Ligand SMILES: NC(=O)c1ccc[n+]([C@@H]2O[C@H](COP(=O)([O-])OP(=O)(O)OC[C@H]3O[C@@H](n4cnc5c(N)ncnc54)[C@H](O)[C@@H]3O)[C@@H](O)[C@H]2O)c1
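Shown here is one chain on its own, the form predicted alone, set out as C-alpha coordinates.
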(Lines give C-alpha, C1' and ligand atoms only; values in the text may rest on other atoms or scores of the structure.)
Protein backbone atom coordinates (compact mmCIF):
# COMPACT_ATOMS: atom_id res chain seq x y z
CA UNK A 1 0.00 0.00 0.00
CA UNK A 2 1.28 3.45 -0.98
CA UNK A 3 2.61 5.57 1.89
CA UNK A 4 1.26 9.07 2.49
CA UNK A 5 3.53 11.96 1.54
CA UNK A 6 1.10 14.80 0.76
CA UNK A 7 -1.88 16.15 2.70
CA UNK A 8 -4.66 18.63 1.92
CA UNK A 9 -6.34 20.08 5.02
CA UNK A 10 -9.90 21.36 4.54
CA UNK A 11 -10.76 23.97 7.20
CA UNK A 12 -8.07 26.15 8.81
CA UNK A 13 -9.54 26.90 12.22
CA UNK A 14 -8.65 25.91 15.78
CA UNK A 15 -8.06 22.27 14.75
CA UNK A 16 -7.24 22.30 11.05
CA UNK A 17 -4.51 24.95 11.06
CA UNK A 18 -2.42 23.55 13.97
CA UNK A 19 -2.76 20.05 12.47
CA UNK A 20 -1.64 21.33 9.05
CA UNK A 21 1.32 23.13 10.60
CA UNK A 22 2.38 20.11 12.65
CA UNK A 23 2.04 17.75 9.66
CA UNK A 24 4.23 20.12 7.61
CA UNK A 25 6.84 20.22 10.37
CA UNK A 26 6.91 16.43 10.36
CA UNK A 27 7.78 16.20 6.67
CA UNK A 28 4.47 16.04 4.83
CA UNK A 29 3.82 18.27 1.84
CA UNK A 30 0.77 20.15 3.11
CA UNK A 31 -1.79 22.30 1.35
CA UNK A 32 -4.30 24.25 3.41
CA UNK A 33 -7.73 25.25 2.13
CA UNK A 34 -10.55 27.26 3.69
CA UNK A 35 -13.71 28.61 2.08
CA UNK A 36 -13.15 31.88 3.97
CA UNK A 37 -10.91 33.61 1.43
CA UNK A 38 -9.95 36.46 3.80
CA UNK A 39 -8.90 34.02 6.51
CA UNK A 40 -6.89 31.95 4.03
CA UNK A 41 -5.12 35.06 2.74
CA UNK A 42 -4.20 36.16 6.27
CA UNK A 43 -2.80 32.71 7.07
CA UNK A 44 -0.87 32.72 3.81
CA UNK A 45 0.74 35.99 4.95
CA UNK A 46 1.70 34.59 8.35
CA UNK A 47 -1.28 35.63 10.47
CA UNK A 48 -2.74 32.48 12.08
CA UNK A 49 -6.05 34.29 12.87
CA UNK A 50 -6.28 32.32 16.13
CA UNK A 51 -4.48 32.83 19.43
CA UNK A 52 -2.58 29.74 20.50
CA UNK A 53 0.87 29.31 22.10
CA UNK A 54 3.54 28.53 19.48
CA UNK A 55 1.19 28.93 16.50
CA UNK A 56 2.71 32.15 15.10
CA UNK A 57 6.30 30.91 15.07
CA UNK A 58 5.43 27.41 13.84
CA UNK A 59 3.21 28.73 11.06
CA UNK A 60 5.73 31.21 9.75
CA UNK A 61 8.50 28.60 9.78
CA UNK A 62 6.60 26.18 7.56
CA UNK A 63 5.39 28.98 5.27
CA UNK A 64 8.94 30.26 4.86
CA UNK A 65 10.23 26.76 4.09
CA UNK A 66 7.26 26.21 1.72
CA UNK A 67 6.33 23.04 3.61
CA UNK A 68 2.84 24.47 3.99
CA UNK A 69 1.09 26.19 1.12
CA UNK A 70 -2.28 27.90 1.34
CA UNK A 71 -4.46 27.61 -1.76
CA UNK A 72 -7.67 29.23 -2.92
CA UNK A 73 -8.70 25.88 -4.41
CA UNK A 74 -8.51 22.41 -2.92
CA UNK A 75 -5.39 20.61 -4.14
CA UNK A 76 -5.03 16.88 -4.86
CA UNK A 77 -3.07 14.87 -2.28
CA UNK A 78 -2.52 11.39 -0.89
CA UNK A 79 -4.59 12.27 2.18
CA UNK A 80 -7.43 14.72 2.78
CA UNK A 81 -8.12 15.85 6.33
CA UNK A 82 -11.47 17.51 7.06
CA UNK A 83 -11.64 19.87 10.05
CA UNK A 84 -14.64 22.07 9.32
CA UNK A 85 -17.24 23.59 11.70
CA UNK A 86 -20.29 21.53 12.65
CA UNK A 87 -22.49 24.05 14.49
CA UNK A 88 -26.01 23.74 15.83
CA UNK A 89 -29.01 25.21 14.06
CA UNK A 90 -31.49 27.37 15.96
CA UNK A 91 -33.57 24.29 16.80
CA UNK A 92 -30.46 22.59 18.31
CA UNK A 93 -30.22 20.08 15.45
CA UNK A 94 -26.76 19.56 14.00
CA UNK A 95 -25.56 21.20 10.80
CA UNK A 96 -23.34 18.79 8.88
CA UNK A 97 -23.44 20.83 5.66
CA UNK A 98 -19.78 21.89 5.85
CA UNK A 99 -18.70 18.24 6.10
CA UNK A 100 -20.73 17.23 3.09
CA UNK A 101 -19.57 20.29 1.15
CA UNK A 102 -15.98 19.25 1.88
CA UNK A 103 -16.85 15.79 0.55
CA UNK A 104 -18.21 17.29 -2.68
CA UNK A 105 -14.99 19.27 -3.15
CA UNK A 106 -12.71 16.33 -2.37
CA UNK A 107 -14.61 14.04 -4.76
CA UNK A 108 -13.58 16.27 -7.68
CA UNK A 109 -9.86 15.62 -7.04
CA UNK A 110 -10.03 12.18 -5.37
CA UNK A 111 -7.68 9.60 -6.91
CA UNK A 112 -6.89 5.91 -6.64
CA UNK A 113 -5.44 5.02 -3.21
CA UNK A 114 -6.36 8.30 -1.47
CA UNK A 115 -7.30 8.49 2.21
CA UNK A 116 -9.96 10.83 3.60
CA UNK A 117 -9.89 11.55 7.36
CA UNK A 118 -12.76 13.33 9.09
CA UNK A 119 -11.80 15.08 12.36
CA UNK A 120 -14.84 17.34 12.87
CA UNK A 121 -17.26 16.47 15.65
CA UNK A 122 -20.25 14.81 13.97
CA UNK A 123 -23.40 12.90 14.76
CA UNK A 124 -23.29 9.12 14.53
CA UNK A 125 -23.47 7.90 10.93
CA UNK A 126 -21.91 10.98 9.32
CA UNK A 127 -18.62 9.31 8.34
CA UNK A 128 -20.36 6.64 6.30
CA UNK A 129 -22.66 9.22 4.71
CA UNK A 130 -19.57 11.22 3.73
CA UNK A 131 -18.01 8.05 2.30
CA UNK A 132 -21.07 7.40 0.16
CA UNK A 133 -20.98 11.00 -1.18
CA UNK A 134 -17.32 10.52 -2.13
CA UNK A 135 -18.11 7.19 -3.75
CA UNK A 136 -21.04 8.52 -5.76
CA UNK A 137 -19.40 11.76 -6.90
CA UNK A 138 -15.97 10.32 -7.74
CA UNK A 139 -17.03 7.01 -9.29
CA UNK A 140 -14.42 5.25 -7.13
CA UNK A 141 -15.15 2.29 -4.85
CA UNK A 142 -14.91 2.72 -1.06
CA UNK A 143 -12.43 0.30 0.49
CA UNK A 144 -11.04 -0.63 -2.92
CA UNK A 145 -10.03 2.58 -4.70
CA UNK A 146 -10.10 5.02 -1.75
CA UNK A 147 -10.36 4.90 2.05
CA UNK A 148 -12.22 6.81 4.75
CA UNK A 149 -11.76 7.05 8.52
CA UNK A 150 -13.03 9.10 11.43
CA UNK A 151 -10.45 10.44 13.89
CA UNK A 152 -11.91 13.11 16.21
CA UNK A 153 -9.62 15.73 17.67
CA UNK A 154 -8.90 15.71 21.40
CA UNK A 155 -7.30 19.08 22.01
CA UNK A 156 -7.55 21.68 24.73
CA UNK A 157 -7.28 25.29 23.51
CA UNK A 158 -4.20 26.84 25.05
CA UNK A 159 -2.09 23.68 24.70
CA UNK A 160 -3.08 22.50 21.23
CA UNK A 161 0.31 21.40 19.93
CA UNK A 162 1.18 19.50 23.10
CA UNK A 163 -2.14 17.69 23.00
CA UNK A 164 -1.96 16.95 19.27
CA UNK A 165 1.33 15.20 19.89
CA UNK A 166 0.79 13.52 23.27
CA UNK A 167 -2.89 12.57 23.43
CA UNK A 168 -4.17 9.13 22.56
CA UNK A 169 -6.36 9.03 19.44
CA UNK A 170 -9.30 6.88 18.45
CA UNK A 171 -9.27 5.75 14.82
CA UNK A 172 -12.67 4.89 13.38
CA UNK A 173 -11.78 3.03 10.20
CA UNK A 174 -14.32 1.93 7.59
CA UNK A 175 -12.05 -0.95 6.54
CA UNK A 176 -8.66 -2.52 7.28
CA UNK A 177 -6.98 -0.57 4.48
CA UNK A 178 -8.16 2.70 6.00
CA UNK A 179 -6.83 1.69 9.41
CA UNK A 180 -3.38 0.97 7.98
CA UNK A 181 -3.19 4.29 6.13
CA UNK A 182 -4.42 6.30 9.12
CA UNK A 183 -1.84 4.64 11.35
CA UNK A 184 0.85 5.55 8.81
CA UNK A 185 -0.32 9.18 8.73
CA UNK A 186 -0.64 9.90 12.45
CA UNK A 187 2.37 7.88 13.61
CA UNK A 188 4.69 10.59 12.28
CA UNK A 189 3.59 13.15 14.86
CA UNK A 190 1.32 11.47 17.45
CA UNK A 191 3.17 9.96 20.40
CA UNK A 192 -0.03 8.88 22.14
CA UNK A 193 -1.61 5.48 21.55
CA UNK A 194 -3.82 4.89 18.52
CA UNK A 195 -6.99 3.04 19.53
CA UNK A 196 -8.75 1.36 16.59
CA UNK A 197 -12.49 0.95 16.21
CA UNK A 198 -15.18 1.15 13.54
CA UNK A 199 -16.41 4.55 12.37
CA UNK A 200 -19.68 4.56 14.38
CA UNK A 201 -17.88 3.61 17.60
CA UNK A 202 -15.36 6.42 17.11
CA UNK A 203 -18.16 8.92 16.43
CA UNK A 204 -19.95 7.78 19.58
CA UNK A 205 -16.75 7.94 21.65
CA UNK A 206 -16.19 11.60 20.77
CA UNK A 207 -19.75 12.59 21.68
CA UNK A 208 -19.80 10.53 24.89
CA UNK A 209 -16.50 12.03 26.09
CA UNK A 210 -17.75 15.61 25.99
CA UNK A 211 -21.30 14.80 27.05
CA UNK A 212 -19.98 13.14 30.21
CA UNK A 213 -18.29 16.40 31.15
CA UNK A 214 -21.54 18.28 30.62
CA UNK A 215 -23.32 15.90 33.01
CA UNK A 216 -20.56 16.27 35.61
CA UNK A 217 -20.66 20.06 35.41
CA UNK A 218 -24.44 20.00 35.72
CA UNK A 219 -24.13 18.04 38.97
CA UNK A 220 -21.57 20.55 40.27
CA UNK A 221 -23.91 23.41 39.37
CA UNK A 222 -26.74 21.69 41.23
CA UNK A 223 -24.49 21.41 44.28
CA UNK A 224 -23.82 25.15 43.97
CA UNK A 225 -27.52 26.01 43.89
CA UNK A 226 -28.31 23.77 46.88
CA UNK A 227 -25.41 25.25 48.83
CA UNK A 228 -26.51 28.79 48.00
CA UNK A 229 -29.98 27.98 49.32
CA UNK A 230 -28.59 27.26 52.78
CA UNK A 231 -25.82 29.88 52.73
CA UNK A 232 -22.66 27.75 52.50
CA UNK A 233 -19.69 27.71 50.12
CA UNK A 234 -20.15 25.04 47.40
CA UNK A 235 -16.45 25.03 46.55
CA UNK A 236 -15.63 24.09 50.12
CA UNK A 237 -18.33 21.39 50.08
CA UNK A 238 -16.84 19.89 46.92
CA UNK A 239 -13.25 20.21 48.11
CA UNK A 240 -14.03 18.22 51.25
CA UNK A 241 -16.26 15.71 49.45
CA UNK A 242 -13.45 15.01 46.99
CA UNK A 243 -11.26 13.80 49.83
CA UNK A 244 -13.35 10.62 49.65
CA UNK A 245 -11.22 8.11 47.71
CA UNK A 246 -13.94 7.39 45.13
CA UNK A 247 -15.43 10.87 44.67
CA UNK A 248 -14.26 13.40 42.08
CA UNK A 249 -16.78 16.24 41.68
CA UNK A 250 -15.97 19.08 39.31
CA UNK A 251 -16.24 22.72 40.35
CA UNK A 252 -19.35 24.79 39.57
CA UNK A 253 -19.14 27.36 36.81
CA UNK A 254 -21.22 30.20 35.39
CA UNK A 255 -22.30 27.80 32.63
CA UNK A 256 -20.74 25.69 29.90
CA UNK A 257 -19.11 27.05 26.75
CA UNK A 258 -16.73 26.27 23.93
CA UNK A 259 -17.41 24.33 20.78
CA UNK A 260 -17.41 20.88 22.43
CA UNK A 261 -19.04 20.39 25.82
CA UNK A 262 -21.93 22.79 25.20
CA UNK A 263 -22.56 21.43 21.70
CA UNK A 264 -21.85 17.70 21.53
CA UNK A 265 -24.66 16.48 23.82
CA UNK A 266 -27.19 17.88 21.34
CA UNK A 267 -25.83 15.53 18.65
CA UNK A 268 -26.71 12.57 20.87
CA UNK A 269 -30.05 14.08 21.91
CA UNK A 270 -30.93 14.53 18.23
CA UNK A 271 -30.01 10.93 17.35
CA UNK A 272 -31.31 9.24 20.51
CA UNK A 273 -34.21 11.39 21.80
CA UNK A 274 -35.69 8.60 23.95
CA UNK A 275 -32.41 7.48 25.49
CA UNK A 276 -30.82 10.82 26.34
CA UNK A 277 -32.99 12.10 29.19
CA UNK A 278 -30.01 12.69 31.48
CA UNK A 279 -28.23 14.67 28.76
CA UNK A 280 -31.35 16.75 28.14
CA UNK A 281 -31.63 17.59 31.84
CA UNK A 282 -27.93 18.44 32.08
CA UNK A 283 -28.18 20.76 29.09
CA UNK A 284 -31.15 22.47 30.74
CA UNK A 285 -29.32 22.93 34.05
CA UNK A 286 -26.16 24.31 32.44
CA UNK A 287 -28.06 26.54 30.05
CA UNK A 288 -30.01 28.05 32.96
CA UNK A 289 -26.89 28.86 34.96
CA UNK A 290 -26.11 32.20 33.25
CA UNK A 291 -29.69 33.33 33.87
CA UNK A 292 -29.32 32.46 37.55
CA UNK A 293 -26.10 34.45 37.83
CA UNK A 294 -27.70 37.46 36.13
CA UNK A 295 -30.70 37.31 38.46
CA UNK A 296 -28.49 37.10 41.56
CA UNK A 297 -26.37 40.05 40.45
CA UNK A 298 -29.42 42.20 39.70
CA UNK A 299 -30.86 41.43 43.15
CA UNK A 300 -27.65 42.69 44.76
CA UNK A 301 -27.65 45.73 42.48
CA UNK A 302 -31.05 46.72 43.87
CA UNK A 303 -29.82 46.23 47.44
CA UNK A 304 -26.77 48.38 46.69
CA UNK A 305 -28.93 51.15 45.22
CA UNK A 306 -31.20 51.11 48.28
CA UNK A 307 -28.25 51.31 50.70
CA UNK A 308 -26.14 53.83 48.76
CA UNK A 309 -28.70 55.79 46.74
CA UNK A 310 -26.71 55.39 43.51
CA UNK A 311 -26.06 52.91 40.74
CA UNK A 312 -23.17 50.51 41.38
CA UNK A 313 -20.23 49.94 39.08
CA UNK A 314 -20.26 46.22 38.28
CA UNK A 315 -17.29 44.57 36.58
CA UNK A 316 -17.17 41.06 35.15
CA UNK A 317 -13.71 39.53 35.33
CA UNK A 318 -13.24 37.11 32.44
CA UNK A 319 -15.54 36.66 29.43
CA UNK A 320 -13.91 33.70 27.63
CA UNK A 321 -15.34 30.19 27.80
CA UNK A 322 -12.40 28.85 29.86
CA UNK A 323 -9.35 30.21 31.70
CA UNK A 324 -6.27 31.59 29.97
CA UNK A 325 -7.52 31.55 26.36
CA UNK A 326 -8.97 34.18 24.03
CA UNK A 327 -11.79 31.91 22.83
CA UNK A 328 -15.30 33.27 23.44
CA UNK A 329 -17.20 30.62 21.43
CA UNK A 330 -20.43 29.74 23.26
CA UNK A 331 -19.02 31.50 26.34
CA UNK A 332 -21.56 31.71 29.19
CA UNK A 333 -19.46 34.49 30.72
CA UNK A 334 -19.87 36.55 27.55
CA UNK A 335 -23.62 35.88 27.58
CA UNK A 336 -23.84 37.11 31.16
CA UNK A 337 -21.78 40.20 30.37
CA UNK A 338 -23.85 41.00 27.29
CA UNK A 339 -27.11 40.83 29.23
CA UNK A 340 -25.88 42.86 32.21
CA UNK A 341 -24.48 45.54 29.91
CA UNK A 342 -28.02 46.24 28.68
CA UNK A 343 -29.37 47.01 32.16
CA UNK A 344 -29.97 50.65 33.14
CA UNK A 345 -29.75 49.92 36.87
CA UNK A 346 -25.94 49.59 36.87
CA UNK A 347 -22.78 50.82 35.15
CA UNK A 348 -21.27 47.69 33.66
CA UNK A 349 -17.69 46.92 32.60
CA UNK A 350 -15.58 43.88 31.79
CA UNK A 351 -11.93 43.08 32.28
CA UNK A 352 -10.27 40.23 30.38
CA UNK A 353 -6.54 40.25 29.58
CA UNK A 354 -6.98 37.68 26.79
CA UNK A 355 -9.75 39.34 24.77
CA UNK A 356 -8.65 42.16 22.50
CA UNK A 357 -10.29 45.58 22.46
CA UNK A 358 -11.90 45.00 19.06
CA UNK A 359 -13.67 41.85 20.23
CA UNK A 360 -14.91 43.66 23.32
CA UNK A 361 -16.16 46.58 21.24
CA UNK A 362 -17.80 44.22 18.74
CA UNK A 363 -19.83 42.85 21.64
CA UNK A 364 -20.84 46.38 22.69
CA UNK A 365 -19.05 46.15 26.03
CA UNK A 366 -17.16 48.75 28.04
CA UNK A 367 -13.90 47.59 29.55
CA UNK A 368 -11.12 48.42 31.95
CA UNK A 369 -7.66 47.94 30.54
CA UNK A 370 -5.80 47.39 33.82
CA UNK A 371 -6.58 44.85 36.52
CA UNK A 372 -5.90 47.07 39.52
CA UNK A 373 -8.01 49.89 38.10
CA UNK A 374 -10.88 47.48 37.46
CA UNK A 375 -10.77 46.25 41.06
CA UNK A 376 -10.55 49.71 42.62
CA UNK A 377 -13.31 51.24 40.50
CA UNK A 378 -15.83 48.46 41.06
CA UNK A 379 -18.52 48.29 43.70
CA UNK A 380 -19.58 44.78 42.70
CA UNK A 381 -17.01 42.29 41.40
CA UNK A 382 -18.21 39.34 39.32
CA UNK A 383 -15.61 36.60 38.82
CA UNK A 384 -16.75 34.54 35.82
CA UNK A 385 -13.49 32.97 34.60
CA UNK A 386 -10.53 31.85 36.69
CA UNK A 387 -7.73 33.41 34.65
CA UNK A 388 -4.34 32.82 36.29
CA UNK A 389 -3.58 36.53 36.42
CA UNK A 390 -6.56 37.07 38.73
CA UNK A 391 -4.77 35.01 41.37
CA UNK A 392 -2.26 37.87 41.69
CA UNK A 393 -4.84 40.26 43.13
CA UNK A 394 -3.88 41.46 46.60
CA UNK A 395 -6.31 40.26 49.27
CA UNK A 396 -6.72 43.72 50.76
CA UNK A 397 -8.17 44.97 47.45
CA UNK A 398 -11.31 42.89 48.10
CA UNK A 399 -12.18 44.82 51.26
CA UNK A 400 -15.42 46.74 50.94
CA UNK A 401 -16.34 45.06 47.66
CA UNK A 402 -19.42 42.99 46.89
CA UNK A 403 -18.03 39.77 45.38
CA UNK A 404 -19.70 37.15 43.23
CA UNK A 405 -17.51 34.11 42.71
CA UNK A 406 -18.81 31.73 40.02
CA UNK A 407 -15.50 29.99 39.29
CA UNK A 408 -13.96 29.14 42.67
CA UNK A 409 -11.33 31.86 42.55
CA UNK A 410 -11.74 32.84 46.20
CA UNK A 411 -10.73 29.33 47.26
CA UNK A 412 -7.22 30.16 46.08
CA UNK A 413 -7.01 32.98 48.61
CA UNK A 414 -8.66 30.89 51.31
CA UNK A 415 -5.99 28.21 50.91
CA UNK A 416 -3.26 30.81 51.34
CA UNK A 417 -4.98 32.42 54.30
CA UNK A 418 -7.50 30.31 56.20
CA UNK A 419 -9.07 33.44 57.74
CA UNK A 420 -9.40 35.17 54.37
CA UNK A 421 -13.02 34.30 53.63
CA UNK A 422 -14.18 35.03 57.17
CA UNK A 423 -12.32 38.36 57.21
CA UNK A 424 -13.73 39.46 53.86
CA UNK A 425 -17.25 38.40 54.76
CA UNK A 426 -16.99 40.26 58.06
CA UNK A 427 -15.80 43.47 56.41
CA UNK A 428 -18.36 43.07 53.63
CA UNK A 429 -21.16 42.65 56.13
CA UNK A 430 -20.12 45.87 57.82
CA UNK A 431 -19.80 47.89 54.61
CA UNK A 432 -21.83 46.10 51.95
CA UNK A 433 -23.77 42.84 51.38
CA UNK A 434 -21.96 39.53 51.80
CA UNK A 435 -19.98 37.45 49.33
CA UNK A 436 -22.02 35.38 46.91
CA UNK A 437 -21.10 32.07 45.34
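This structure is a prediction, so every number in the text was calculated from the model and none was measured. Positions refer to the first chain, counted from 1.
Beyond the structure shown, there is the form predicted together with the ligand, which is absent from this document and is the topic of what follows.
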Open item on the list: Can you pick out, from 133, 164, 170, 84, the residue that has a heavy atom within 4.5 Å of the ligand in the predicted bound form?
Closed with: 84
TODO: Counting non-hydrogen atoms within 4.5 angstroms of the ligand in the predicted bound form, say which of 371, 35, 26, 399 makes the cut.
DONE: 35
Open item on the list: Can you tell me which of 232-240, 247-255, 190-198, 148-156 lies within 4.5 Å of the ligand in the predicted bound form, counting heavy atoms only?
Closed with: 148-156
Open item on the list: Please tell me whether the candidate spot formed by 10, 98 and 259 is one where all three residues come within 4.5 Å of the ligand in the predicted bound form (heavy atoms).
Closed with: yes
TODO: Decide whether residue 329 counts as a contact residue for the ligand in the predicted bound form under a heavy atom distance cut-off of 4.5 Å.
DONE: yes
Open item on the list: Test of understanding: in the predicted bound form, would residue 227 fall inside 4.5 Å of the ligand by heavy atoms?
Closed with: no
TODO: May I ask you to state whether residue 121 is within 4.5 Å of the ligand in the predicted bound form, using heavy atom distances?
DONE: yes
TODO: Verify the contact flag for residue 386: yes if a non-hydrogen atom of it lies within 4.5 Å of a non-hydrogen atom of the ligand in the predicted bound form, no if not.
DONE: no
